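Only one chain is included here, represented as structure tokens and corresponding to the form predicted alone.
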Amino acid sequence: MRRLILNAGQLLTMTGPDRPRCGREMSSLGMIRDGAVLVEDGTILAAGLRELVLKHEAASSARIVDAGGRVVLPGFIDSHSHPVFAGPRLDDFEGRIKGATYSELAERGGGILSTVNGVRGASEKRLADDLAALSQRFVECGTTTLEVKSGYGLDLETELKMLRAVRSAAAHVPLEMVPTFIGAHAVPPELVGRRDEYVRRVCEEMIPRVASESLARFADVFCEKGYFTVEDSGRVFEAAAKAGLGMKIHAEQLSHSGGAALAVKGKASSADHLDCIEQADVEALAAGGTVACLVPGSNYFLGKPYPPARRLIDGGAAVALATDFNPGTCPCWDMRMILSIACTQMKMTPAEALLAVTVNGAHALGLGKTHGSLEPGKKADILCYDARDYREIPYFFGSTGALWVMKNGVIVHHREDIEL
């Protein structure tokens, strides 16, 4: 099917270097006024000035979609989330409000391990059905590609169950899912005090099995005091590389652990959180090409200081933004809220924030050649926002402003009061 999007008041093409954008490059959105996009069979044929796109030989036979002078941009790419679980952690939420610490909640049976117990008891079908239902919430907010982590099983069979549920859900919904295995999320309760044994299981049993069934594109690890050390994380990196998986890492979230430096050394696609980075980490990330993926929604929810986005960008690093959607520390699927937090609390400009959830989000998932910008040959994942100026997207918050969402050239969500 051919579609011709016309009357884009501001068309944000995000054109630029074929790599993660860093430093000042994050301010360039490739904006075209009165722009157009021509799509065929899920792929962009042309994007740019209306007059030039209309000259394409396929334009005359395309079905017209009128953007009505609004902002048109690539669909949001959420490169860090944990949406496979069996229920929200409401006891943790209330306990935290009353002053309980993370360790106190864990002692009461809360935290990650409470979700582990729920997931272990849930069927694969229930996990898949819940994820499929949840996926529509992301799409309604403009997200077209979502990284989906496991990590609430912490044993071989449950981790496989989670990833199979992701595969099952992804086959029936328009939201594209990128599965990530994070068996090294925490030490399971049955192996407390035996971390080395669990790391061995992750590396020698879980990762090879996940890879053999093609259930994940990445492996991840929570490199943090009380969880997994840099040495443990290095072992996970080696096992992932041997199995042909890409690498991501939760780094410098609660304390400085050395995870960011390991990410650069190990050529990880992204190092995520980075609340407690040091100047040497900024310099390493800027020089090494690993994307710094910041997840300020969790900082907001927990009332914690925000990651130093300005220091990273001004230091030349490539920054992505993601929701970190999860049942315990960030129950937010709305990228607009993340953009608002990034601008108001982390002092990212609207342009930098939007670049971070498109181009750099794509590179954080190894999808930079096919996703994240509106260019010929790339996927037709396109978002029309109910705004006349792109700065309105993070300026307003509290509800989605997505007018319609296109995935692979098909409009998969639209507001009921518009005609297409």
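Numbers follow the displayed sequence, beginning with 1. Quantities reported herein were computed from a predicted structural model and do not represent experimental measurements.
The same protein also exists as the form predicted in complex with a small molecule; that form is not shown, yet it is the one meant from here on.
Q: Within 4.5 Å of the small molecule in the predicted complex, do we find a heavy atom from each of W333, Y385 and R415?
A: Not a single listed residue reaches the small molecule in the predicted complex, so no.
Q: Closest heavy atom of E147 to the small molecule in the predicted complex, within 4.5 Å or not?
A: The answer is no: E147 has no heavy atom within 4.5 Å of the small molecule.
Q: Should D281 be classed as touching the small molecule in the predicted complex when contacts are defined as heavy atoms within 4.5 Å?
A: Close contact is absent here: in the predicted complex, D281 is far from the small molecule, nothing within 4.5 Å, heavy atoms only.
Q: Quick check on F222: any heavy atom within 4.5 Å of the small molecule in the predicted complex?
A: Contact check for F222: yes, within 4.5 Å of the small molecule in the predicted complex.
Q: Give a yes/no on whether T180 approaches the small molecule to within 4.5 Å in the predicted complex, heavy atoms considered.
A: Close contact is absent here: in the predicted complex, T180 is far from the small molecule, nothing within 4.5 Å, heavy atoms only.
Q: Just to be sure I understand the contacts: of S340, S135, T158, Q253, which is the one whose heavy atoms reach within 4.5 angstroms of the small molecule in the predicted complex?
A: Flagged contact: Q253.
Q: Please pick, from F93, F301, Y102, Y306, the one residue with any non-hydrogen atom lying within 4.5 angstroms of the small molecule in the predicted complex.
A: That would be Y102.
Q: Please pick out the stretch from 167-175, 340-348, 318-326, 189-197 that is in contact with the small molecule in the predicted complex, where contact means heavy atoms within 4.5 Å.
A: It is 318-326 that comes within 4.5 Å of the partner.
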